[in-house]
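Just the one chain here, the form predicted on its own, laid out as structure tokens.
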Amino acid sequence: MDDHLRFDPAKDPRVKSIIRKLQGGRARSDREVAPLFPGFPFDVRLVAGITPIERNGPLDFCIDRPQGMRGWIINLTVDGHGRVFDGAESFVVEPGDLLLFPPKAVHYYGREASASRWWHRWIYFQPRAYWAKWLEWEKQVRDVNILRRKGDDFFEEVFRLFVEVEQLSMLTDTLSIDLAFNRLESILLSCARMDDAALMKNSPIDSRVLAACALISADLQRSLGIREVADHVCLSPSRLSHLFRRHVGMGIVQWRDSQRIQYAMQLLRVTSVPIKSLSQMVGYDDPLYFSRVFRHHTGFSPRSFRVRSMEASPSPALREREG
């Protein structure tokens, strides 16, 4: 860590809390540190934290996910050095470096052997539709995006945003989660501004695609056909489908389902609405079909997702239901 920085990541109170819990043997059962160990499901829309790896400490192991993950992870080294991959493709990251892992990209990283520590902040997320153009940086190794440190001011600003995302993501109300996504959006925008490749291809999303997204999002309960959406934006279904995939990276129906499931996840976390009623609230008349789609996107049934969320941080509504 550079002495001239105006902040000291080592004084982060979250790190002290994590280290205290690790020393107390509360690691795998505690919400704050459970995501730092293999096996955590990452079955929510956004999870954030910091991993303070110390040589020979309880977190000093290599993360090895050959199949990657369902969502994206952005990673900021705040202290020490880490090594990503092995062999000829391996590289070292140091304070201020950012990594962006897309879904299914191989995860293989840990503390650099010669370093005494590697502390990195991370955010796991499912992106909003219009973020696609900010999620591909100039430098890549095995699909992992790399943005090297761009100066102290940028480092400190991004560090602050990472901290705010984590703090907001620990809260259960919908507005706090939306604020966390806004901070994450600022991180991705800042990275795009610093990345030459992102700037070169930073053409705006077609306004008709945005209008289609807005129409679908305005009423997720409504069963809109592709032709109806296409008519709304004055395009043929085939042309809209082509533009949608180009700008959003997935088909219209796939995107609509992802939005519905994200909304369902929020409702399951903060309300006690019965699953049958909830499925209709997010646009699925058949609760069994809703459960299949939900499991496809999250790996869990709606009921088991609610139970896991309630155990992690029960909201007042869920506590009433539980009582």
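All residue numbers are counted from 1 along the displayed sequence. None of the values given here were measured: they were computed from a predicted structure.
This protein has a second form, the form predicted together with a small molecule, left out of what is shown; the following refers to that one.
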(request) May I ask whether Ile216, Tyr263 and Tyr284 each come within 4.5 Å of the small molecule in the predicted complex, counting any non-hydrogen atom? (result) no
(message) Counting any non-hydrogen atom inside 4.5 Å, which residue from Leu184, Val93, Val209, Ile73 sits next to the small molecule in the predicted complex?
(response) Ile73
(message) Exactly one residue in Lys276, Arg55, Arg65, Arg292 has a non-hydrogen atom within 4.5 Å of the small molecule in the predicted complex; which is it?
(response) Arg65
(request) Please check if Trp255 has a heavy atom lying within 4.5 Å of any heavy atom of the small molecule in the predicted complex. (result) no
(message) Would you classify Trp122 as touching the small molecule in the predicted complex, given a 4.5 Å non-hydrogen atom cut-off?
(response) yes
(message) Within 4.5 Å, heavy atoms only: does Thr271 come near the small molecule in the predicted complex?
(response) no
(message) Although the partner isn't part of this model, could you tell me whether Tyr109 comes within 4.5 Å of the small molecule in the predicted complex, counting any heavy atom of the residue?
(response) yes
(message) Only one of these stretches, 255-263, 276-284, 65-73, 294-302, has heavy atoms within 4.5 Å of the small molecule in the predicted complex; which one is it?
(response) 65-73
